[in-house]
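What follows is one chain in structure tokens, specifically the form predicted on its own.
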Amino acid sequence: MASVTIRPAPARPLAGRLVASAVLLFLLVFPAIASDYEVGLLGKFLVFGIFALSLDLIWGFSGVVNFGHAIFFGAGAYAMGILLKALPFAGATYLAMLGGVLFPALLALVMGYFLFYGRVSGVFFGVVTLALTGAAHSIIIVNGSLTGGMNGLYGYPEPKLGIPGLWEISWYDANVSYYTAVIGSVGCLAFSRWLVKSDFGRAIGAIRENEDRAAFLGYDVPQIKLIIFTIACAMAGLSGVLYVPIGFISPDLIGIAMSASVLVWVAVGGRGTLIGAFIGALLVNYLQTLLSDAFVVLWLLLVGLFFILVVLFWPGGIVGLARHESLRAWLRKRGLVA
């Protein structure tokens, strides 16, 4: 009679779970130990992390480089502000939030349809999205009666959460906007993790590795790219919505500089890692805040040097470095990872 060998289950990634629990606990108690300014700052960085995460879905996992991703971040913020102005009644905040997600998704659907079904890919996709960023920026400035033009959009009613007409709290409150950003970050990260591990996520990975082979195997490549592009841009719109209570709606949100910044955040944190998008956004923005106070003139140069060093010596970003085999071997000896 053949014997059956029962192998022990692999050890759980204890270190990862401990770090994730510690980070979540820190985020929950942070408002109790920090000033309103610091709480607002971290809330804004988390919103930028969601924005970077949305780019990581299409750049890191789909292999599509979008040089105009700020279009969808700004579209979410502007749609939120314009709808708050147009809908002056209780509960309008929720409708404005919905519009701030759906409008960028619709833009992505239209743009992606023509680009992906038109077989525009690689560097040409990047060039087209870069040109569209300039066009979107001009549209915002020209339509000043709707968008505020160069002065930015202001004067809209205060966004409120809670039960419309019965119990409402201001979204401008530092703790409310912060915890909203935390919930949004955790939710988007969990959704993205589920998405990339699903059958759909594996199809995206197959297209990224070899688009022609994926098409030969029967995958509808343009359709799959269009779906992930629309999902990612809707997430970028959500980050724009969450930015409204903690920032100012201006044409800069939709400009080339913002699109370049999010590329840097993802590259520094680690492309194709999900959590790296948050690490990159938090680290680079914290460095910008720190260095701009200490080095008023040279801070941008220093941040640029830091980015160049990361790209040259840690091409996988900070998360790629943390996953280096030598470090994992050291943790494995101590039973902290499987």
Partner chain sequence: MEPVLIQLLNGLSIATILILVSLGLAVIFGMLGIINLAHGEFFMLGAYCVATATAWGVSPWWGIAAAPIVVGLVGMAAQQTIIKPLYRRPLDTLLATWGLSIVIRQVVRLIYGSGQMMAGSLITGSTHIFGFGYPTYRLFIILVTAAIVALTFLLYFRSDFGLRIRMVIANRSMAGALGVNTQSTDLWAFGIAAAMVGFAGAIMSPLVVINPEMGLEYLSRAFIVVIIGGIGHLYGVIAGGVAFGGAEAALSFYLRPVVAQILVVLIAVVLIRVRPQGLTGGSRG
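Keep in mind the model is a prediction, meaning the values are calculated, not measured. Residue numbers count along the first chain shown, from 1.
One more form of this protein should be noted, the form predicted in complex with the partner chain, which is absent from this view; the next part is about it.
Could you tell me which of 168 to 176, 70 to 78, 227 to 235, 108 to 116 sits within 4.5 Å of the partner chain in the model of the complex, going by non-hydrogen atoms?
Stretch 108 to 116 is the one.
Looking at Leu28, Ala34, Val311, Leu287, which is the one with a non-hydrogen atom within 4.5 Å of the partner chain in the model of the complex?
When the partner chain is considered in the model of the complex, the option within 4.5 Å is Val311.
To verify the annotation, which of these, Leu98, Ile183, Ala190, Leu130, has a non-hydrogen atom within 4.5 Å of the partner chain in the model of the complex?
Looking at Leu98, Ile183, Ala190, Leu130 one by one, just Leu130 meets the 4.5 Å heavy-atom criterion.
Proximity of Ala86 to the partner chain in the model of the complex, heavy atoms at 4.5 Å
Outside the cut-off, so no.
Would Gly272 show up as a contact with the partner chain in the model of the complex if we use heavy atoms at 4.5 Å?
Flag for Gly272 set to no.
Ser138 within 4.5 Å of the partner chain in the model of the complex, heavy atoms:
The answer is yes: Ser138 has a heavy atom within 4.5 Å of the partner chain.
Hey, in the model of the complex, does Trp59 get a heavy atom within 4.5 angstroms of the partner chain?
Yes, Trp59 lies within 4.5 Å of the partner chain in the model of the complex.
Do all of Ala90, Leu102 and Gly152 end up near the partner chain in the model of the complex, with near meaning a heavy atom within 4.5 Å?
Zero of three within 4.5 Å in the model of the complex.
Given a 4.5 Å distance limit between heavy atoms, list every residue of 140 to 156 close to the partner chain in the model of the complex, or none if there are none.
Only Val142 sits within 4.5 Å of the partner.
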